[in-house]
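What follows is one chain in structure tokens, specifically the form predicted alone.
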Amino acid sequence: MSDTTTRAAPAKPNRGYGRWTPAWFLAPAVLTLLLIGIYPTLFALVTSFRRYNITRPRDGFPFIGFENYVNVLTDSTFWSSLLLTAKFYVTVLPIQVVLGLVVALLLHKPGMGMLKSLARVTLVVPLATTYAVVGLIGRLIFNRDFGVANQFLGFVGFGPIDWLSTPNGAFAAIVIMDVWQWTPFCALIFLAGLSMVPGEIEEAARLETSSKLALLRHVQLPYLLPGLTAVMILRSADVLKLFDMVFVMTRGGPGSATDLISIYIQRVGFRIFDLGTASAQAILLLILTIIISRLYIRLLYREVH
């Protein structure tokens, strides 16, 4: 047999695939990232060093150095809003982590195939609900006259509570709605971590001990830590920029009871129209988010070998 018959035929060049084809496929995503992510961040960074009040365009937008940052760091209202945001974070996150872990452990148990599949689909519903819609649902649930929350309280003998008109009630209402929306996210992340536990190791541990707490601590926890780190990083960033749900439900009130840092920045930027100060506040929040994320990665993240 001749070499010409045994030799493989050379592949024909694809006329539709050229040198720049990968670049054309990446171009829409890169352009979207530049327009939505990079450009606004750079604009905010530049604006934070200027006196930028859009109601006084005749004054111009002069460069003032770090004056906006000094004003922000000496603003007591900014620190009060930031502390309130921290209070909100340390309230909702432990509840979401614990409830999410319980749900994940229940769904990880063997059996109940159809119910588990239905539960997993149901968990996606709160995540697919936009923040503004969650706020509207919260206004209906916690309405004093016909809200579901007061109807449940009436069944157990308690009088109606004016949830959204009292400081403690309004804060509790936004906590409950945030827990409702983001507990399924924690459950799905933890469920993914539990699915990474080798079945033979988990089965051997169940034979060695009947303690579910020991099983969780020594076998399942190492596989949950990467997911827990991701949850804490994402929720930290999300709480710092949480605006829509709170604004729709309470608009930061009553008084300053739910005046989270994002609500305060919106008020400075789009009610007082001081975009320079608002940009400085946003840049400081970005720096704070990066610092918190690095701390979580250093303290919690562990590779599973």
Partner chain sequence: MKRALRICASVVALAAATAAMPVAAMADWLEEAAKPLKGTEVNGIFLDRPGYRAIIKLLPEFEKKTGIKVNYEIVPYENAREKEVLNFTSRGDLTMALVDLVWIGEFAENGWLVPVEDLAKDKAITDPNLKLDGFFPLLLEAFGSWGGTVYGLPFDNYSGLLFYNSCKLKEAGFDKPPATWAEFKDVYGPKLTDASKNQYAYALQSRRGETQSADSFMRFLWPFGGSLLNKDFKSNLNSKESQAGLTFRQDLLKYMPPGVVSFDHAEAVNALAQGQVAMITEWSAFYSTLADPATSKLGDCLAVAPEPAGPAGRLPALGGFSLAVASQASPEQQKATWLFIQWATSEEIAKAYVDAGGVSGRMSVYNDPEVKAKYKFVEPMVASWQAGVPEYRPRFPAWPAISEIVAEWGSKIELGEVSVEAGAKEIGTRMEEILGKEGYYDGKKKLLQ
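Quantities reported herein were computed from a predicted structural model and do not represent experimental measurements. Numbering follows the first chain given and starts at 1.
As for the form predicted together with its partner chain, it is not shown, yet the points below apply to it.
J.: Please identify, from 208-216, 150-158, 73-81, 99-107, the stretch that has a heavy atom within 4.5 Å of its partner chain in the predicted bound form.
T.: Result of the contact check: 73-81.
J.: At 4.5 Å between heavy atoms, is Pro167 in contact with its partner chain in the predicted bound form?
T.: Result yes; Pro167 sits at the interface with its partner chain in the predicted bound form.
J.: Heavy atoms within 4.5 Å of its partner chain in the predicted bound form: does Thr55 have any?
T.: Yes, Thr55 lies within 4.5 Å of its partner chain in the predicted bound form.
J.: Arg144 near its partner chain in the predicted bound form, any heavy atom under 4.5 Å?
T.: Contact with its partner chain, yes.
J.: According to a 4.5 angstroms non-hydrogen atom cut-off, is Val248 in contact with its partner chain in the predicted bound form?
T.: Heavy-atom contact with its partner chain at 4.5 Å: present for Val248.
J.: Exactly one residue in Phe273, Phe63, Tyr39, Phe66 has a non-hydrogen atom within 4.5 Å of its partner chain in the predicted bound form; which is it?
T.: Checking each option against its partner chain in the predicted bound form, the one that comes within 4.5 Å is Phe273.
J.: Within 102-141, which residues have a heavy atom closer than or equal to 4.5 Å from its partner chain in the predicted bound form?
T.: Read in sequence order, the lone residue that approaches its partner chain (within 4.5 Å, in the predicted bound form) is Arg139.
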